[in-house]
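As structure tokens, one chain now follows by itself in the form predicted on its own.
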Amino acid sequence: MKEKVTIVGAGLVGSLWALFMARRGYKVDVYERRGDMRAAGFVGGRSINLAMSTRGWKALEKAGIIDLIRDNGLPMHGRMMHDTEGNLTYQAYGTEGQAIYSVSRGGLNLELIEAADKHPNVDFHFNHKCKRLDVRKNTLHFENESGEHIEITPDLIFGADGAYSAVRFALQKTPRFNYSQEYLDYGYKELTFSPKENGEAPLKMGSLHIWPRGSFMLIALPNLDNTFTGTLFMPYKGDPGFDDIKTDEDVKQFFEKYFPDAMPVMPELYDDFRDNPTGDLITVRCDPWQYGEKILLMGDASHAIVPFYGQGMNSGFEDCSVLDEMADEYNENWPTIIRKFSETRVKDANAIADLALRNFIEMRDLVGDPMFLLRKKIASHLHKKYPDFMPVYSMVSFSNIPYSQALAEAGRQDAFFEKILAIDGIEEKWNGAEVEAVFEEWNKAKV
């Protein structure tokens, strides 16, 4: 008889993992502190549109629902940079045909809950707040919306309850559990780009739009209804900073100065800025992700990251893929799977956390820098000529190469491009023999 499984959290990772386990024949109960999104509707203004890439698609395919989700994503083949004069510069993400996909976080969560709930082995329990976990007894205590207390003791517990996980909080009280959280001094606010009067999209489709402004930036991702979801990332304190923008007039002056080409297609700007909350940006790291042989953390509960590589959801979905592959490899021996997953996965989660912080600087400061753009141009040229050479962005977004390997390669490539960009007259020699010679020498030194 298979183990009874409880998943705490009906977010993206929890709902997807419920489907994975149900398809393996397990009886799965999912407990969620919020109400059923299908009845309440998704509340906007509190999340960032997600960028689905190769790791996320792989998990959806393994779960058997890729066709259900595919039509809800819009391809973004590159970045479109906007300067203060309204001039545009385009930078492809990968090779021809490669793209990341803009998806609505709320819409995707609804689809995953619906897909899992249709499986006869899955039961959702909404409005159930996890109050306590007794790790020694493997007993969970919940409180429902009526104030009733429920106690359950499943065979396996998966904590997929987000960056402020109640399951992880219980593990933090156990011996030799390492935990850290770090906030950026930045917040984010969701803003809406509305269609033009003729119904056309307000910005060019097929791209992620960025307004890089040094210490802050605005981004916009497309939606199926021809709107774009914008997100302003900015320090709380600074010049400018969220703390100093308090009135509609402050908003007007700020956007006229820094984002003048965006204002005409943001008719809800003042309402959005006033009504949408300013969110925080947190990185969570912990080790181990398990307690004993029956409790395991996954997704943001174990490795919440900032959104600047578009890998938060993708890394959580990859947790599901890796666990599913381990279930095959170890013949569903969960004590072994839980131990192996915790031992091997932490280094990759820490790596993508570092890469995401690194990419924040790139998006905010560098995407408009001529030498940075030249580096990307040279990297693309080398990748086309030498397919074995893969830019770090492609390793992260368009492959399943472990994140820890991509992070190590990032250091190697930084050193390589420092030599390349130091070549006198590199702007004219970027695809010439001198670059090829440096590349061949660097590539031979690869261990």
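The structure displayed is predicted, hence computed values, not measured ones. In this text, residue numbers run from 1 along the sequence as written.
One more form of this protein should be noted, the form predicted together with a small molecule, which is absent from this view; the next part is about it.
- The shortest heavy atom separation between Arg34 and the small molecule in the predicted bound form is within 4.5 Å.
- Not displayed here, the small molecule is approached by Arg105 to within 4.5 Å at the level of heavy atoms in the predicted bound form.
- For Gln290, no non-hydrogen atom is located within 4.5 Å of the small molecule in the predicted bound form, even though that partner is not displayed.
- The closest non-hydrogen atom of Gly310 lies within 4.5 Å of the small molecule in the predicted bound form.
- Though the small molecule is absent from this view, in the predicted bound form it lies within 4.5 Å of a heavy atom of just one residue from Cys320, Ala349, Ala160, Ala220, which is Ala160.
- A single residue from the set Asn314, Ser207, Thr192, Asn359 has any heavy atom within 4.5 angstroms of the small molecule in the predicted bound form; that residue is Asn314.
- Comparing 329-337, 292-300, 147-155, 251-259 against the small molecule in the predicted bound form, the single stretch with non-hydrogen atoms within 4.5 angstroms of it is 292-300.
- Although the small molecule is omitted here, in the predicted bound form none of Pro202, Val265 and Leu269 has a heavy atom within 4.5 Å of it.
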